[in-house]
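One chain is shown next in structure tokens, namely the form predicted on its own.
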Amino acid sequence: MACQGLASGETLKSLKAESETLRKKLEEERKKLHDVELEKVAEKAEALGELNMKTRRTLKGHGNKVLCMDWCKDKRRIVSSSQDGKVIVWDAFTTNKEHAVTMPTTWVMACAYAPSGCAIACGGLDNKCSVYPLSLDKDENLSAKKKSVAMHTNYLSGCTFTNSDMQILTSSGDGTSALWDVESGQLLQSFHGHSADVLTLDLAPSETGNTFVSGGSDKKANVWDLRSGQNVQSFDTHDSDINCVKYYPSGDAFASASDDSTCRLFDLRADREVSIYSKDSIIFGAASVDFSLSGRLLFAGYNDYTINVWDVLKGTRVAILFGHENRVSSLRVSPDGTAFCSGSWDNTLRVRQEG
């Protein structure tokens, strides 16, 4: 039965050998385009001065590990989710809690702010992505307005709204990503291509960007076309799970953070990995990454409780930030680039700024 559909003279063994030959040819073609190293080109770039990032706010209120966080487009509010089953909306200026939702499950592994700032989405071990509309009334019961949008067959690992409040993109431990209509809860497109849990996703930054990148336990980072559902590019140079992927501000590249204790930069136009951010002294996995607004800095949160700041062009580390007392699980630069927030297994979030 396994050989059904094979042409005469073809065996699974011969097809595997053919696919391996084609893969090698593709690698050779890629290598032809590899004419110069990024660090070599960057030698002429001016070195970065000393970076002095200070913790400006510490957000306390979760009773367990903070697993995910996201900024509102207003550059002021933050949503965070935790292992305690709570999702909290914070005012990062005053550190006040504006809204709190208790989910029907612990391990709320994903949360996202809608582009309008009028709703949040979250989910985790309940295999669902739920959307909660936010109102100005602080005492309103948000749970009563909850809308279940996405349904996966395993845990929800990530979610993000597209460029409107009407569509949401999710990734799951069931090995798929999916695009959903928020209003009807209808599945618009599903994305199959990972051979293990999908752990992270990020949408291309441009308004017209119809692609997103996902990373998973199969050590692969895949780029997808939102409209067709096709896997258009794939990168598999990591040696362990990919915990986080993040597009470069221009949309022409993306960075990844992995349990292999490295972060890597992939150029989509060159179709290859162009830089590795690592040091022999870093032996713990990287859980989260994000770029500065200019794209010159890469912030990376690690399982040894630190945040390393890398010079994207030169590949060197320009700062180590301390403060968290457990692994840094999530990290996001604010929409205006003036601050970044990190969430940690020490139950807190920290907002930092230069100066």
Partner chain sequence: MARDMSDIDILKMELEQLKKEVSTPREPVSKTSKETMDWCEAASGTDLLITGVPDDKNPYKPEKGGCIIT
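Remember, predicted model here, so these are calculated numbers, not experimental data. Positions refer to the first chain, counted from 1.
Keep in mind the form predicted together with its partner chain is missing from the figure; the text below concerns it.
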item: Partner-proximal stretch of 239 to 247, 118 to 126, 98 to 106, 265 to 273 relative to its partner chain in the model of the complex, 4.5 angstroms, heavy atom; value: 265 to 273
item: Contact of Ile283 with its partner chain in the model of the complex (heavy atom, 4.5 Å); value: no
item: Heavy atom of Glu29 within 4.5 Å of its partner chain in the model of the complex; value: yes
item: Ala92, heavy atom within 4.5 angstroms of its partner chain in the model of the complex; value: yes
item: 4.5 Å heavy atom contact, Arg317 and its partner chain in the model of the complex; value: no
item: Three-residue site Met166, Lys219 and Ala255 fully in contact with its partner chain in the model of the complex at 4.5 Å by heavy atom; value: no
item: Contacts with its partner chain in the model of the complex - residues in 285 to 299 whose heavy atoms fall within 4.5 Å; value: Ser292, Leu293, Ser294, Gly295, Arg296, Leu297, Phe299
